[in-house]
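First comes one chain, alone, set out as structure tokens in the form predicted on its own.
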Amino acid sequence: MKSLYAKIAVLALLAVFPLFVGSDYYRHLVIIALMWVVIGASWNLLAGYTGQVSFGHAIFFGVGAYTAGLCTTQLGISAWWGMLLGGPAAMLVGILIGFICFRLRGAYFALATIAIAEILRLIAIVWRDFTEGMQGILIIQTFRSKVPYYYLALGIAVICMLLIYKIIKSKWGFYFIAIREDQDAAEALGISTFRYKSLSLMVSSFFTGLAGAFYMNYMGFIDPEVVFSLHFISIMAILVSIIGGAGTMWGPSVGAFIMVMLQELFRSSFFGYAPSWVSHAHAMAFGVLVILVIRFMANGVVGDWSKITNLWSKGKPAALVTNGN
């Protein structure tokens, strides 16, 4: 019951956040964090629960973003149609990738997703007549205020988390976990591993594509080096889940806010209080953070939350003694 109240309180806080915080800078940070909640939760469903580690979620993000952008440049309609078409387009690509790559396991599957993401990035660069190449796609943003974008991002994140929660608690979720723990044993029990891995990938790719379509409408500009980026999209999706707790329901949500805020701290050189070279050290900081999490909190912040609270409670008496209380 306490957990339910905590979730309601967090949702209520997010709902009123833009009403009490007038700064577009902080609104922007939370919008980006909510977008990463969707991407991280999608990756976590496929990798954390189904055991299919993907290094190519930039595929679906990029497909969703370009679907929205091409609605304007090629079809002459609003990029908002991409919010309806981006998810299904990414899901269709996911079905094709699953048909090809689910014959592979472990590292081979991960390498195949990297290769496909790189192929799509190069296609987007070379096919200039269709994708505008490295020039990218620029659209006029619909809203000058960030508030509509904020509530749209919040709505997508809530729907994504609720649907994934329902899936994990259903028969599908038990089959996903069985495949993650031992695929051969799952097949021996009569579970169609190809079918359920494909279902997991379809849901994961749909929401990642939806996040990409939202990014196109929100930022107003995309290019292949951003939306198909291994580092900025695929690796970030993995870090969000690992830091928060892969294989946990709320881990990606926590990890998304941690990673976005940490990235912004380094980008701004700790709001101008650190030397300028710090702004280029975010990749090193992420690496150090991952090493520390793997070494001391292998299940992430959410997965090892009891360990964190136990360490705090154990250290508290010592602190009290030191302070003479």
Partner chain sequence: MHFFETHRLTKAFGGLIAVNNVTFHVEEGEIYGLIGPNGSGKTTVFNLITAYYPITSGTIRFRGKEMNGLPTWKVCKEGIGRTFQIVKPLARMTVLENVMTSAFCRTSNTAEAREKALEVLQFCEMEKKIDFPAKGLTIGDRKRMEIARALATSPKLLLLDETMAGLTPQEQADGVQLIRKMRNAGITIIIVEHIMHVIMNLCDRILCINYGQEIARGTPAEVANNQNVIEAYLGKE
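Numbering follows the first chain given and starts at 1. In this text the structure is predicted, and so the values were computed from the model without any measurement.
Heads up, the form predicted in complex with the partner chain isn't pictured, but that's what we're talking about next.
Only one of Leu138, Leu162, Leu96, Leu189 lies close to the partner chain in the predicted bound form, with a heavy atom inside 4.5 Å, and it is Leu189. Contact check for Trp127: no non-hydrogen atom falls within 4.5 Å of the partner chain in the predicted bound form. In the predicted bound form, Asp184 approaches the partner chain with a heavy atom inside 4.5 Å. Within 4.5 Å of some heavy atom of the partner chain in the predicted bound form lies at least one heavy atom of Ser170.
The partner chain in the predicted bound form comes within 4.5 Å of a heavy atom belonging to Tyr175. This chain is displayed without the partner chain, yet in the predicted bound form the stretch 162 to 170 from 78 to 86, 162 to 170, 209 to 217, 235 to 243 comes within 4.5 Å of it by heavy atoms.
Using a 4.5 Å cut-off on any heavy atom, none of the residues of 29 to 56 reaches the partner chain in the predicted bound form.
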